[in-house]
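Shown next as structure tokens: one chain only, the form predicted alone.
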């Protein structure tokens, strides 16, 4: 078995992995990036719509354009990249380094690294994960798979489409299917509010008169060989189905946009997992509960826009580089707790000192004209900013002066 040594191994060659690898390299570390696909770029390769790059690059791009910027930068730094290479096992050795086994068409390899950055992204939830009832005919497909079929392979998925769930990829695919001549019958969302960003509701549904049905979902799939229709019903506040409202909608395709799950299976037994995000529990250096193992991007928690993925991964790459150079300051860590209306926050631990801490979080409900606050246990407010509205579909952030962190802090959404 071939053996390779490096300081940092980055697992994943999408926006997160490329950004982290570039950052670690620019901060003086020797880096190798591995990716299981044939081409770099991750999910960006199939996202041919625009809207990327406005926050980080200050200009509007398509997904492939955004990915190409990162690929060109990584190659200009001569970062070794192993494609079609899948990681099969990550083991921490007694000396603190990691032994990572990988497999590719060239055979088995063993990579020894002082630190590992997890940047594997997410996988889509399936029909089974939402217990979708009925038969299992051809024509049930996830939003990301449909996006790849149409945008990469040029193959249509159907003519009359029902979309289950209002996640951002599903909303974008509603518009894409409309452009390709499909009849998008409607988007059915089990919750009383949309799961996707408001801009996608407007630009992908409203602009093309595609109906959005809230508190209504598909309860049964119809068809033997091919989907012939669905049964939809209203959803009660307790998420039970109001079967008296059942109605049959003929269709030949069901597109699922019902959520994403971070791909942490590779190391899930070796790190503490946040049960709400399904990603790792990390500190303010993006380090997991295992020293030297870092996590960033969508494998850590699901982001709304790729620009935030890049900026987070740049920080993680810098911290990993400092770690392998024995320059990463690791003082006493305080808890970052969730308060009123806050569902989860990243990071889960932080230390005081110099600089600023950017806490990212999602809320559990809608609230208008409010304040986002960070308070110490004694009630002292160490950060506060106004918000016109907070939504579960939109990731929020609050910046905290680290010199003010002298104990556990709680992130909350409060009234004016």
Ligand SMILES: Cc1cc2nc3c(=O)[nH]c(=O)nc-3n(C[C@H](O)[C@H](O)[C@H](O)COP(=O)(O)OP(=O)(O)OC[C@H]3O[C@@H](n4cnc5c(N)ncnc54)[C@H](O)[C@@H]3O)c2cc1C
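Treat the numbers as computed from the prediction; the structure is a model and nothing was measured. Residue numbers count along the first chain shown, from 1.
Omitted from view is the form predicted in complex with this ligand, to which the following refers.
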Given that this ligand is left out here, which of 387, 383, 43, 350 has a heavy atom within 4.5 Å of it in the predicted bound form?
43
Looking at 146, 172, 336, 256, which has any heavy atom no more than 4.5 Å from this ligand in the predicted bound form?
172
So in the predicted bound form, does any heavy atom of residue 278 sit within 4.5 Å of this ligand?
no
Examine residue 270 and determine whether its closest non-hydrogen atom to this ligand in the predicted bound form is within 4.5 angstroms.
no
Considering non-hydrogen atoms and a 4.5 Å limit, does this ligand approach residue 120 in the predicted bound form?
yes
Is there a non-hydrogen atom of residue 47 within 4.5 angstroms of a non-hydrogen atom of this ligand in the predicted bound form?
yes
Using a 4.5 Å heavy atom cut-off, indicate which stretch of 388-396, 21-29, 404-412, 6-14 touches this ligand in the predicted bound form.
6-14
Though the partner is not shown here, which residues of 255-285 have a heavy atom within 4.5 Å of this ligand in the predicted bound form?
260, 266
